[in-house]
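Shown next as structure tokens: one chain only, the form predicted on its own.
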């Protein structure tokens, strides 16, 4: 697999536990202090033990200065796309261009339905997500002064005014694993955001990248238009044989391989241990950047 050449990003994936709300915010601030580029939170509005993710993102944006923010991933079935588009653009404006839109099709349908959402089949959920992406992008474009109309199967917009435009080009990153979602990622998204434990194998990553790339080509896009992000977890300690089990140097070597051979350019650490976040940001990230920069220079692929 190719190295798609994107700049490297490192982030955290923090549990939005409502039992300790100020600790959640402190971990986001710790992520910024550790030099990480991105802080993310899962979005399960039906989970009574969690803070509302959109409220949390807004609060964290106000309590940080540099770090970028995203849901990992935002639950589309419980957040209508037209309202979500305005909310995302507003948060991006208020944060000075620091918001990215990780987006998911939904999966826990009993819980979604219990909160008033509509139950969809997996295939329907992907089609609904495709419609939602079009709506979000359409509302982000106030340069088109026409009233915005979409008569979709799952979502309708009947003459809405467009805007506001976000402060920067917000990336839409999809959490995707199955072929139909991967094809949508290649055709319409700005990023692919899976979790390493769910991928199963490096061969599965290769196969998924190939589906995304083929879909991008089919849509007239460059495969490199899709950033590859990866949620990761592991353990720091003595050198081991497993992936991301060992000292920071071993982590860095393995993440560099995932960049150079499997196309990933963003690594988001799952976990709530501030010491691990500090090690990831302060030790692993600089080592990975150095290894990748040297290999790109040797290959002549520096962009």
Partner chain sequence: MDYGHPLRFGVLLAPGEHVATKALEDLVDLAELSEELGYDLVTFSGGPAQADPWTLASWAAGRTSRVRLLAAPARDGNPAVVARAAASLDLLAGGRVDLALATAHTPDADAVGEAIDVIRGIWSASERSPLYVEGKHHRVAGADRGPAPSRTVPLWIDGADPALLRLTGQKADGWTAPLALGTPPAHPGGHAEDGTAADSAPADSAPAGTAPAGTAPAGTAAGPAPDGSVVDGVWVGELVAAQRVIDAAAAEAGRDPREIRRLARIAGRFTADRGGFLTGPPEKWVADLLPLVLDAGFATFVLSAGDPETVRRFAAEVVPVLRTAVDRERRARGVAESAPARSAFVRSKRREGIDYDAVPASLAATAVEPGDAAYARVRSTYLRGGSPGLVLRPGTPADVGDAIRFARTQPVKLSIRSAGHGISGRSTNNGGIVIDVSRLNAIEVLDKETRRVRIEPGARWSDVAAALAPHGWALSSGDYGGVGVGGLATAGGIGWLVREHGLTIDHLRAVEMVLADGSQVRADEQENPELFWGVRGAGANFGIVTSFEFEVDEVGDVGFAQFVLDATDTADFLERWGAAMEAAPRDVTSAVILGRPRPGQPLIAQMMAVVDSDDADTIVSRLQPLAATAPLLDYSIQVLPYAAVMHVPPGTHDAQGEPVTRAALADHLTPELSAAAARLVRSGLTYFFHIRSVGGAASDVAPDATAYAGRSANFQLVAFGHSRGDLDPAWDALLPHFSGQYINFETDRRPERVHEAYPGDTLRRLRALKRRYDPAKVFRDNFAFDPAEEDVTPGAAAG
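Residue numbers count along the first chain shown, from 1. All values reported here derive from a predicted model rather than from experimental measurement.
Not pictured, yet referred to below: the form predicted in complex with the partner chain.
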The partner chain is absent from this chain, but in the model of the complex, do 215, 225 and 299 each have a non-hydrogen atom within 4.5 Å of it?
no
Does the partner chain come within 4.5 Å of any heavy atom of residue 87 in the model of the complex?
yes
So in the model of the complex, does any heavy atom of residue 83 sit within 4.5 Å of the partner chain?
yes
With the cut-off set at 4.5 Å between non-hydrogen atoms, does residue 56 touch the partner chain in the model of the complex?
yes
In the model of the complex, is there a heavy atom of the partner chain that lies within 4.5 Å of any heavy atom of residue 292, even though the partner is absent here?
no
The partner chain isn't shown here, but in the model of the complex, which of 260-268, 30-38, 243-251, 43-51 has heavy atoms within 4.5 Å of it?
43-51
Within 4.5 Å, heavy atoms only, which of 116, 220, 123, 197 is in contact with the partner chain in the model of the complex?
116
Contact residue in the model of the complex, chosen from 167, 210, 150, 202 - any heavy atom within 4.5 Å of the partner chain:
167
Which residues in 59-86 have a heavy atom within 4.5 Å of the partner chain in the model of the complex?
59, 61, 62, 63, 64, 65, 78, 79, 80, 83, 86
